[in-house]
Ligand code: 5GP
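Only one chain is given next, in structure tokens, and it is the form predicted on its own.
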Amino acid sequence: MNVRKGTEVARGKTKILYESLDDARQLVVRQGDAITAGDGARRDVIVGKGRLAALTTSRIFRLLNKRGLPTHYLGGGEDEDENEMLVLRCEMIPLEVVVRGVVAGSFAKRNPDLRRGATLSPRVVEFFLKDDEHHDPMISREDIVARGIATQQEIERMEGLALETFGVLEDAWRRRDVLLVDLKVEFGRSGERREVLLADVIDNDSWRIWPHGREEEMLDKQIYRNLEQRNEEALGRVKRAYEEVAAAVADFD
């Protein structure tokens, strides 16, 4: 990807956004090697993670674009490009939209009457306010509208696109005998029409995946969250899982 970067626009826990000097409507996203949990309370650096995150995200967005889903992804991520992707500039909507297909994670804690690992039908869609200080609290659709975060029409679009995305990725993983448990996505408004697009990243930090439907074989970020000791050997296990996932999604079609 041959794009001239300008000044830094924003910096997150694991990525940096830059202006594109070639087109003001575009940004360059650079993935870093940091891995975090607990809203940044736990943080480590795994050399090469940024490369794996860029590979995974670009491959996932490429698949979604191919399926006709609207994303901000334009290109890059798979080249020798310093882990950089070219994306449409978006006004990010400060929400995390989580689709749940299986009882796990915080959903299981909040619903102790449901069996962990049980299939959820229909899928459950939840919204969380992006607010690290308050640990990304759940927010109702009514409060989203009342606070002016998004309109009812935008909420319905985000929910619909999140479910479609889950369906595409669930099918792709199923063909590899991997269960997609849940998925977190984010959205932004793009252009003069403020079209709502899938944005940010979708990588191995964005989901729970269980090979053969077995939680103990997980390949996702939960491995890192579960670490009791974060030594070189343990972080090496995390990296190998991320490598396996990046290789697997290369064949998604």
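Numbers follow the displayed sequence, beginning with 1. Remember, it's a predicted structure, so these values are computed and weren't measured experimentally.
As for the form predicted in complex with guanosine-5'-monophosphate, it is not shown, yet the points below apply to it.
With guanosine-5'-monophosphate omitted here, the record of contacts in the model of the complex names 102 to 110 of 102 to 110, 69 to 77, 170 to 178, 85 to 93, defined by a heavy atom within 4.5 Å. Although the partner is absent from this view, S206 contacts guanosine-5'-monophosphate in the model of the complex, with a non-hydrogen atom inside 4.5 angstroms. In the model of the complex, guanosine-5'-monophosphate stays beyond 4.5 Å of every heavy atom belonging to E164. Taking non-hydrogen atoms only, I139 never approaches guanosine-5'-monophosphate to within 4.5 angstroms in the model of the complex. Residue contact check for V98: one or more of its heavy atoms lie within 4.5 Å of guanosine-5'-monophosphate in the model of the complex. Screening R30, R225, R189, R51 for any heavy atom within 4.5 Å of guanosine-5'-monophosphate in the model of the complex leaves a single hit, R225. Residues of 168 to 200 placing a heavy atom within 4.5 Å of guanosine-5'-monophosphate in the model of the complex, in sequence order: D182, L183, K184.
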